[in-house]
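Heads up, the chain below is alone and in the form predicted alone; it's given as structure tokens.
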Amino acid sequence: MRALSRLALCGAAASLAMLGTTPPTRAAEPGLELPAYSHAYEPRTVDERGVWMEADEAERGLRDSPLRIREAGLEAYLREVLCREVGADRCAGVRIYAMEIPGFNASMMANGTMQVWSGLLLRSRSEAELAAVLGHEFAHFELRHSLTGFQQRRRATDAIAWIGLWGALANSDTSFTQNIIARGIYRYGREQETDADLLGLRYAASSGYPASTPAEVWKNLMAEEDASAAGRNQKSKQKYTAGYFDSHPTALNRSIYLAEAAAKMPAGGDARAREYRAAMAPYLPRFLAAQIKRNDFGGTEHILQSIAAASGWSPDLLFARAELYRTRGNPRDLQVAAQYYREARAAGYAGPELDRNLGLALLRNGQAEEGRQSLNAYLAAAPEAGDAKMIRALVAN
């Protein structure tokens, strides 16, 4: 693990050198000053040491998790993006774990552990978008939000418990006072998120990535949520004001205040979309397969179209689109799926699973003879496949 970390650090440093990034020169511009940072920070209080011990235990779980994407190249690349965003000195003490979880998320713990979910990597369209989220999470870390949040929650829950006990002894209703205190917990969380958003924006503006990107991330997420709702015949749920128990500002609110703040900062430069697509290309099929299993037709179709809008309909994207329609499985979906499978083959998709899934779609759509032909082609290409016995039984019926 230590050897891998040294390799990753060396790789990140080499990459930054090749990119010629010089964040410190921009960090000195008015309005872009960053907090003083010490990479050798150690926990100082009993509370903080407790939070760090919990984080150390959680990190051991991440390190050994079967969900971790262990290909060294991916985690090294994520470190490269983070270092470009926050600066090589700040990212030096961070350990990054890439996890194969299809949700849109990344998080950072008090001890410098960052986890990045594959769903975030799938949805990001450029290094700048990924960096915006990583910078936001690093801002939580730099502002010690894990510790202050823990202390705030503990004080509030202690107060709620004591007030509840006093009310029981005095036979008085204390629910209103308890609700006011509970509301403070969630408001405090929203304030922390806003602080992390604005510090993350300063990282972005100092890095050379476009300052407008953090706001774009939230706009893209809202568009996906709207597409998911439409796919389920539901109304859009976007709103400006957070609810009573919401721990985060709403996506609409964040997109607005981030755009307003970014307009006062240097515009930035290249979002490095082409470099990001090249780095993610080896992982794209598995990320898409995990997304399709989420049973979110509208959201997944939106993601596919967003990727295709930037890079065109590649064989992998066409195959994933065929899988999306076949999985939903309406009669018209099966017909559309068959068409996309054929387009994927024509574009160069060569995996034997294409003939298997095309054959299954055709069989379900009542096109028995064509379905058997595709399944036989699959068996000829993969006679020792784990499902070969089942497929032969389908062909025989």
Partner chain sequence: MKRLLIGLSLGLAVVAPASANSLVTAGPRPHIAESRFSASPTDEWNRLSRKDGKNVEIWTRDGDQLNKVTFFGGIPSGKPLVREIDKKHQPLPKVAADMLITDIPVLLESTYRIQYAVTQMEVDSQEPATLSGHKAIRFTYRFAREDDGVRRRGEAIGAFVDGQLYLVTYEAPALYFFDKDVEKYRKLAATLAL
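Remember, predicted model here, so these are calculated numbers, not experimental data. Numbering follows the first chain given and starts at 1.
Note that the form predicted together with its partner chain isn't included here; everything after this is about it.
(Q) Taking its partner chain as it sits in the model of the complex, is Gly351 in contact with it (heavy atom to heavy atom, 4.5 Å or less)? (A) No, no contact at 4.5 Å.
**Q.** in the model of the complex, Glu224 touching its partner chain (heavy atom, 4.5 Å)
**A.** Although its partner chain is absent here, Glu224 would stay clear of it in the model of the complex, with no heavy atoms inside 4.5 Å.
Q.
Although the partner isn't part of this model, could you tell me whether Ile101 comes within 4.5 Å of its partner chain in the model of the complex, counting any heavy atom of the residue?
A. Contact with its partner chain, yes.
**Q.** its partner chain contact in the model of the complex: Pro35, any heavy atom under 4.5 Å
**A.** No - in the model of the complex, heavy atoms of Pro35 and its partner chain never come within 4.5 Å of each other.
(Q) I need the one stretch from 270-278, 206-214, 88-96, 293-301 whose residues put non-hydrogen atoms within 4.5 angstroms of its partner chain in the model of the complex. (A) The contacting stretch is 293-301.
Q. Which pick from Arg372, Arg49, Arg364, Arg63 sits with a heavy atom within 4.5 Å of its partner chain in the model of the complex?
A. So the residue touching its partner chain in the model of the complex, by this definition, is Arg364.
Q: Answer with one of Lys219, Arg190, Arg232, Arg144: the residue that has a non-hydrogen atom within 4.5 Å of its partner chain in the model of the complex.
A: Checked against the cut-off, the match is Arg232.
**Q.** Partner contacts for 115-130, taking its partner chain in the model of the complex and a 4.5 Å heavy atom cut-off
**A.** Heavy-atom contacts to its partner chain in the model of the complex: only Trp117.
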